[in-house]
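Taking the form predicted on its own, here's one chain by itself in structure tokens.
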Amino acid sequence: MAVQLDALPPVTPAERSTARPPRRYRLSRLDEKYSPYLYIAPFFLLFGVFGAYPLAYTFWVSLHDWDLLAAEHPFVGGENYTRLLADPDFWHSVVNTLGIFVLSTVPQLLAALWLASLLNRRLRARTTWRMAVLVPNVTSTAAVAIVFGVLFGRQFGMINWLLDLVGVDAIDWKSNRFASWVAISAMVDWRWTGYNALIFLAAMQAVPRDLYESAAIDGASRARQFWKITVPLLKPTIIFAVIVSTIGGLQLFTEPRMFHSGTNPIRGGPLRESQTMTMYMFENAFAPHYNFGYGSAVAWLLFALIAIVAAINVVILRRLGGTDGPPRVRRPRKERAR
């Protein structure tokens, strides 16, 4: 039996260090772990106070018979919503809101795209032109409504005067339902087209120039470059603009309220020609009905309508926009045959 004399003694495991890491190292780890939450916390705190809490409180109020002049507010459950869905004046305001929204938003975004394309070209005093399109947006809404109310006047308005020059009879813009939609949509388009054009222009600045150069070499016209390169690459920006326009368009209040400045203007005309959902909500929640619970139910259905319309718009734009990858401009048939 051989005895191994050079065998090494068993290695004892090193004792685990029990010393605490330095304080500076611990603070660095805490900063790395928790500081991102602290940076974004102010937004969520403010949103919780001024956004989520009023939303939840409004829903709670909508479940009560909440007369502002009464001391007791009994719980009625979904009775306000049931009455609202059978209220013809409510559906009248829904149709008005959607009609004004379509007449104002679609031309507005198309005009903004066209205007941004013009501003993206080489122009003299380019910065001045770009800043000038934002001037309507900084104008007071009340002033805009008063001026447009004069322009669309029945007897002395400039629009009817222009129509008379081309042989069209004068239109009573405030008494005709569809005509009042057109007049209010003109106000909205005038104020917000330049704002959306600057958003689209900022996105156009990020489109690589070599795509346009390649398309020009392949013989693509300027219009073809716009629809095949610019519009597909602007799809995220267009979706953002559509959502913002949807929220603003369905919450329209000041323009129709100022357009009808006669007796009881919150009705949007004697026969509610242009009363929107926000005006109907105000009419019920405050003067003359003071029914806060019923007005809160209108607010919640308006919130649901905005969410549905925004989702529909996004789905339609995604289906029309094609893929998110770099666009391919097909060469003209004559070029491919060479």
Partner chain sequence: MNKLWSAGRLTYAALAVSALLSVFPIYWMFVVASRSSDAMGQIPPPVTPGGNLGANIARLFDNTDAYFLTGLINSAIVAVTVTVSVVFFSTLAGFAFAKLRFRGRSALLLVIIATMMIPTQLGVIPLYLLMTKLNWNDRLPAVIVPALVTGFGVFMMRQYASQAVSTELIEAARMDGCGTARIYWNVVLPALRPAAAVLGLLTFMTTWNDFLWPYAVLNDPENPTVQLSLRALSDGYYQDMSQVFTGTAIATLPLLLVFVLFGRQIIGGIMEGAVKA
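Residue numbers count along the first chain shown, from 1. Between two forms, the rigid core is defined as the largest C-alpha subset superposing within 1.5 Å. Note that the structure is a prediction, hence the values are computed from the model and not measured.
Below, we refer to the form predicted together with its partner chain, which is not included among the displayed structures.
Looking at its partner chain in the model of the complex, residues Leu63, Phe178 and Asn313 place no heavy atom within 4.5 Å of it. Contact check for Ala143: a non-hydrogen atom falls within 4.5 Å of its partner chain in the model of the complex. The shortest heavy atom separation between Pro74 and its partner chain in the model of the complex exceeds 4.5 Å.
For Val49, a non-hydrogen atom is located within 4.5 Å of its partner chain in the model of the complex, even though that partner is not displayed. In the model of the complex, its partner chain lies within 4.5 Å of some heavy atom of Pro136. When its partner chain is considered in the model of the complex, only one residue from Met258, Leu84, Leu103, Ile238 comes within 4.5 Å through any heavy atom, namely Met258.
Scanning 287 to 303 for heavy atoms within 4.5 Å of its partner chain in the model of the complex gives Phe292, Gly295, Ser296, Ala299, Trp300, Leu302, Phe303 in sequence order. Shown in the overlay between this form and the one not shown, fitted on the rigid core, is a CA shift at Phe286 smaller than 2 Å. Core-superposed comparison between this form and the one not shown: the CA of Ile312 stays below a 2 Å shift.
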